[in-house]
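Only one chain comes next, encoded as structure tokens, the form predicted on its own.
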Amino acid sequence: MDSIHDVSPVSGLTHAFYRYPARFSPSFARITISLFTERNDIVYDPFMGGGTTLVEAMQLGRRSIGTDLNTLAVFVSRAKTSMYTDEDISAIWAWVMEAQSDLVLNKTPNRPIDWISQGYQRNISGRTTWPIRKSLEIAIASLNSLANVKQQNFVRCLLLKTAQWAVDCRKYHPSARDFRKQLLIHAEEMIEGALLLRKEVELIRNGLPDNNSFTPVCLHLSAHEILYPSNYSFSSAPKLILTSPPYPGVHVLYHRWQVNGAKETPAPYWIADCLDGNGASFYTFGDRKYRNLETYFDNMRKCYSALSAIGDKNTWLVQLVAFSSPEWQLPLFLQILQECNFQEMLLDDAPNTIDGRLWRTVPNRKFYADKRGKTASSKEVLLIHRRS
């Protein structure tokens, strides 16, 4: 219950590599994995987002799998769960120090014509944002100096984090000089987190024959596609499915940054070198304006049927979910879970529960709405189910 109500900023290990929307607390993931699983059990997050579940599973000695249909989520999760050697860290740091003199506006960048023609730089070439865009172009063009893709992806994630700081939901944008300074600060934080995660995983692996047993698998799949062995074959049923699915009727921009008010940019995909090409409803089970959210609940039924099929009687499903209209959406959500053979476990004897479930308020949640922390989606409920 303490972890559910944890409102401290997301930090520790590699969790701060990127601010993915609708993240849940690492302490919640850590406690849940500890309570519901044992060493070497399988933990699966079908909507892995920024990979919080996978990072915590790694340091606790659990095997983990994550899937997401957002290529940006897959990129971030892979960067956060990679093991970086001392050689990798040295090369990354050397690149960061060189960038302090290279990322200057009088340098002519190699313009990414293909990305530009597909609109991936939309709304980041304005009067106050073009210095950030140009700095990113210079930085990305220099990635070939790094020895391998793992090092390059770490730096791409560093650029992603710093560009998000500079552009997303800001009224005033920093200068190119401030961008370079923040790049250095973020690099120090990320390297410290990567080294700490490596240390924790090495302690867990010590004495085990299979040193790769706790390396997470991050797959670019919709949750319902995990059912097919050609995509992934589970060695045994997952002991825990821990996730936060798309919220019914709630507007969340998983695939865009917001620039100067209502303008949106797909620039994160250019920085991460992965393709988007889909509208907002693609990432949220359907358009929230569609009648009775029929598309959402149809997609939900398909995904949770697949989760039921890969589970067994020992599989737990633990979720944090928010609703735009919980009075009618929560009963339907629970009904579909029951149809998919998940039996709810209520917390009748736990203090501070409502209707046998634990609710929490997320402070300052806005999801691009005008009322911070006062929307229906700022309340999340903990749902615990057992595969029946």
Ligand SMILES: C[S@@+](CC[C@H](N)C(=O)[O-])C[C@H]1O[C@@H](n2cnc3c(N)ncnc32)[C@H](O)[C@@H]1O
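Start at 1 and count along the sequence shown; that's the residue number. Keep in mind that what you see is a predicted model, and the values were worked out from it rather than measured.
Omitted from view is the form predicted in complex with the named molecule, to which the following refers.
- Task: Within 4.5 Å of the named molecule in the model of the complex, counting heavy atoms only, one of 245-253, 309-317, 147-155, 87-95 shows up; tell me which.
- Result: Every other range fails; the passing one is 245-253.
- Query: Looking at the named molecule in the model of the complex, do all three of Ala22, Gly50 and Ser222 come within 4.5 Å of it through at least one heavy atom?
  - Reply: Answer is yes for this spot.
- Task: Name the residue from Ala99, Cys303, Ile132, Ala272 that puts a heavy atom within 4.5 Å of the named molecule in the model of the complex.
- Result: Checking each option against the named molecule in the model of the complex, the one that comes within 4.5 Å is Cys303.
- Message: I need to confirm a contact call. Of Asn70, Thr32, Gln59, Gln329, which residue comes within 4.5 Å of the named molecule in the model of the complex, counting heavy atoms only?
- Response: Spelling it out, the residue with a heavy atom inside the cut-off is Asn70.
- Should Tyr283 be classed as touching the named molecule in the model of the complex when contacts are defined as heavy atoms within 4.5 Å? Result yes; Tyr283 sits at the interface with the named molecule in the model of the complex.
- Though the partner is not shown here, which residues of 315-339 have a heavy atom within 4.5 Å of the named molecule in the model of the complex? Nothing in this stretch is in contact.
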